[in-house]
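This document starts with one chain, in the form predicted on its own, laid out as structure tokens.
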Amino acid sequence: MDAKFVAKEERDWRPAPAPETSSLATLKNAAKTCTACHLFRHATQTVFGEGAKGAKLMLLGEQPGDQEDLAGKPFVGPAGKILDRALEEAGIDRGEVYVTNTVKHFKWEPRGKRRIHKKPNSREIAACRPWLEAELRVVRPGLLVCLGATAAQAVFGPTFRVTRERGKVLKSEIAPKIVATVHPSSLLRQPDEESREREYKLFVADLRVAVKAL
């Protein structure tokens, strides 16, 4: 694909047309046809949030991955399996939380026959922001957990550093209580088993902070 076309495509965005509603089903249905940024052109489908209205805890990731894009559900791939295990160890029932992503379409680049995750940029995040705000307005969680830098910076701004602030109970206009931690996919990228286990324990500890804060 021509580089100039790609650059123009990535500049072409607008805020998503999230409807004013108190229904998660209505939001999810509206998001299916979202064309606020170019990502919809290369994704299989919109991957909206999942969980109950009134959930006390909301988990916010970066974007759907390859398996999420195909299934239409958030956190069902390898990172989702780590998240499920960590939630259980922290005493959190995933069935009682709302799980979503900052960006609702899978952004990827080809590598052979594989689709490799590509980090969303500020325009794509801004285009998707109305969906997140609508989810927060309808679900009204008591605490938001930001999984990874993209999610945390979408809430606190680009200067926020998860490494400095992780595991603390914070607040912002978007949610009354917020805890930032790493994205579970980062555990998959650790160089060895010892590092994975160490980082996994820290991740569970951050989730336990969230439970205690609730």
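Remember, it's a predicted structure, so these values are computed and weren't measured experimentally. Don't overthink the numbering: it's just position in the shown sequence, from 1.
Just so you know, the form predicted together with a small molecule exists too; it's not on screen, but the next bit is about it.
- Stretch-level contact analysis of 107 to 115, 68 to 76, 133 to 141, 85 to 93 against the small molecule in the model of the complex, using heavy atoms and a 4.5 Å limit, identifies 68 to 76.
- The closest non-hydrogen atom of residue 61 lies within 4.5 Å of the small molecule in the model of the complex.
- When the small molecule is considered in the model of the complex, residue 38 lies well away from it, no heavy atom lying within 4.5 Å.
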